[in-house]
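Let's start with one chain on its own, the form predicted alone, as structure tokens.
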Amino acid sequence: MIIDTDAGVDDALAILMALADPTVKIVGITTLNGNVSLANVERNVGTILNAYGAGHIPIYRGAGRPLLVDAPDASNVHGTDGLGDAGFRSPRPLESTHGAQAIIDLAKANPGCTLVTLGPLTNLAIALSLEPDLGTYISHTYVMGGAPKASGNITATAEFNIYVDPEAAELVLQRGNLQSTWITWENAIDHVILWDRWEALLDAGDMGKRFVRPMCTNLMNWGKERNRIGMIMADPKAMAVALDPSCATVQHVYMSVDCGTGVGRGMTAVDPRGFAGKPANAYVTTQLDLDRVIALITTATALPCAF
């Protein structure tokens, strides 16, 4: 597995889920600006790996900004440092290869690998521009992104990862040679982890108690102040589908991203009835098995913590 991340709080839990799966070998992690600055993301990936006590997993510095425009971050949700301002500081050294090139190199060195993207799609768009045949080396790509029902979390119509770099997302979709499943923001909000179940998974083991809970405390308080019924946690749901595709019910559709400058910028529009007359280019998740998702998350929070 290759993981491309803008490592905030929910990315961290998703990465721990992959580390907890004995059938998965993470061959590299690429970073990019998104939830927080690139420097924070790079440090956060090292912190997550060190919390697990992982052996050497190469970390690559990727895109420091979107393809065309500057974009907001999500430090108001993830904390200034991206890990809930819980005081974790445990970086690892970085490789010299750029993240986009690393995706290409890692895919060619590990044909049939899985790619999981947890942030904006800037690195993947650059990689596809450099290597148009990238999809021949990757068996499947799992994308956390999009809001096909226009239930946005950063604008009225757009989900954060896609809004940050809609041009990159549109390029990824229209290249047409990636088998991709998109786990959307609406999947996350339709399958909230109720507070009692969330507390139970935090208490499952040392990782939950010593790393995940401190990291998520501010986010939990933020949600309760807004009368949310539980934790949303989008990236762990995407990782759950990557680890166990049977967690998801999907629809094969044509999808496109609004790259304009109006209210619809970043909106992911799907065309299940074929109005555009174009072939399907993405699998979009329509339903999740939340019990199976929670079981996979709990496997991660039950881990020992190396801190």
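Being a predicted model, the structure only gives us computed values, none of them experimental. Start at 1 with the first residue shown and count on from there.
Heads up, the form predicted in complex with a small molecule isn't pictured, but that's what we're talking about next.
Visitor: Please name which of the stretches 211 to 219, 157 to 165, 191 to 199, 86 to 94 has residues with heavy atoms lying within 4.5 Å of the small molecule in the model of the complex.
Guide: Result of the contact check: 157 to 165.
Visitor: Please identify the residue among 35, 44, 268, 31 with any heavy atom within 4.5 Å of the small molecule in the model of the complex.
Guide: Contact with the small molecule in the model of the complex is made by 35 alone.
Visitor: Please tell me which of 153, 180, 110, 114 lies within 4.5 Å of the small molecule in the model of the complex, judged by heavy atoms.
Guide: Exactly one residue meets the criterion: 153.
Visitor: Does the 4.5 Å heavy atom contact test between residue 118 and the small molecule in the model of the complex come out positive?
Guide: Yes - in the model of the complex, heavy atoms of residue 118 and the small molecule come within 4.5 Å of each other.
Visitor: Determine whether any heavy atom of residue 74 comes within 4.5 Å of a heavy atom of the small molecule in the model of the complex, and answer yes or no.
Guide: Because a heavy atom of residue 74 falls inside 4.5 Å of the small molecule in the model of the complex, the answer is yes.
Visitor: Would you classify residue 234 as touching the small molecule in the model of the complex, given a 4.5 Å non-hydrogen atom cut-off?
Guide: Residue 234 belongs to the contact set for the small molecule.
Visitor: If you check in the model of the complex, is residue 142 within 4.5 Å of the small molecule, heavy atoms only?
Guide: Flag for residue 142 set to no.
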